[in-house]
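Only one chain is given next, in structure tokens, and it is the form predicted on its own.
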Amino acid sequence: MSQSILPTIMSGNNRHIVLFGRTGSGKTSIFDQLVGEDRLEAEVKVGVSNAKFNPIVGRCRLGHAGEVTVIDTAGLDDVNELGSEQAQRTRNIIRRADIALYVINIQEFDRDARAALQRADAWMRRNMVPYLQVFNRCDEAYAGDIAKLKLEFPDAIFISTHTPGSVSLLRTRLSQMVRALAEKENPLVPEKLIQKGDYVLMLVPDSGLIHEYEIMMELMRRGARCVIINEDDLEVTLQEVPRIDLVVAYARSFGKVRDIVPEDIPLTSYSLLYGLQGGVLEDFIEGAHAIGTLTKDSHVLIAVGDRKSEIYKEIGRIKIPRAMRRLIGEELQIDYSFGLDLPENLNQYDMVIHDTDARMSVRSVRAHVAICKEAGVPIANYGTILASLAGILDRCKQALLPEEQESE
């Protein structure tokens, strides 16, 4: 995949809409009308030399819903001809979508197309991807046939790229869906975690706020009083501030912070908060518990979004492998994968450790969790692994998921 496009695809700053369907459905025409000339790249390479099969990426503004990234994928029948690896890549792109558009040529909606639609519907529901059925080329269909299909598929949209106003209708529906997603999304800071007037101690590096800024602003909007310090000043600050209701640290510092922060003060990390917002924290916690089942003969995969990131160099490459081998055995085998796609042979691994942070979209993280679940492989992120290695995973869970902890 082109390195210039990777941050855009991974970014959590905008929504991702993916078009898929059979060759000849007209999805590329829809893509062209949605994005116009605002393409991010002519092509995004995904491991296939023939440019015909490379996804196309562009930007589209949906009124009050803001800017979204639109991705046009290879035709489903073309993908099947390419073999399982390319088909899997296409499925993974769809899994990462905030919204998927299944484009259907209404003129070719026969028994086979109906069966394909049923399979796609089941797959989308299983992977929890919001999607919209788009019947295209309706200008070529009989009005009676369209009326029957509208009764059968009341949530679908019926358009033609040759009819003025059709794509505007699609834009309006997409704008409504994007706004609905925003309303349903988990807050970055759980409602019950802090109250107005609470003091929150935020530990930041010498380089200052980076991805922590979003969490700080959310805390302040909720009326919290944020005290921002370097971790070296933690001990003295705990003595000086009259009351601390929450400490947010870097997971890589858990081994040091756990011995300084009193047990009665809730403790968490930035990565755990992002995991909770994405709705996958419990999956990551369950995955981290699998450390207890590993042996010196186990095989672990560390999945990294960007091999150039400092977090990977410090945590994924050094800190976690060193701590795990010290605990389990030097023979523990650790592999790495880079980019958006997980390897096909996931079932050879006993655990996947995922590098997730604010730069990766929520849907991308959820997609990777779904893929690992499907393969039957435990998945954790850096935060839960580091908490487990520091012996405070249950303490961190109690801070963010107190109701679940009490019910166990």
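In this text, all values refer to a predicted model and were calculated from it rather than measured experimentally. Throughout, we count residues from 1 along the sequence that is shown.
Although not depicted, the form predicted in complex with a small molecule is the subject of the following passage.
Visitor: Please identify the residue among R95, R252, R89, R137 with any heavy atom within 4.5 Å of the small molecule in the predicted bound form.
Guide: It is R137 that has a heavy atom within 4.5 Å of the partner.
Visitor: Identify which of T161, N127, T237, S298 has a heavy atom within 4.5 Å of the small molecule in the predicted bound form; exactly one of them does.
Guide: Contact with the small molecule in the predicted bound form is made by T161 alone.
Visitor: Is N14 close to the small molecule in the predicted bound form, meaning a heavy atom pair under 4.5 Å apart or at it?
Guide: Answer no; every heavy atom of N14 is more than 4.5 Å from the small molecule in the predicted bound form.
Visitor: According to a 4.5 angstroms non-hydrogen atom cut-off, is K397 in contact with the small molecule in the predicted bound form?
Guide: K397: no, not in contact with the small molecule in the predicted bound form.
Visitor: Taking any heavy atom pair closer than or equal to 4.5 Å as contact, tell me whether G305 reaches the small molecule in the predicted bound form.
Guide: So G305 does not count as contacting the small molecule.
Visitor: Within 4.5 Å, heavy atoms only: does K27 come near the small molecule in the predicted bound form?
Guide: Although the small molecule is absent here, K27 would touch it in the predicted bound form, with heavy atoms inside 4.5 Å.
Visitor: So which of 153-161, 118-126, 332-340, 256-264 is the stretch with heavy atoms within 4.5 Å of the small molecule in the predicted bound form?
Guide: Stretch with heavy atoms near the partner: 153-161.
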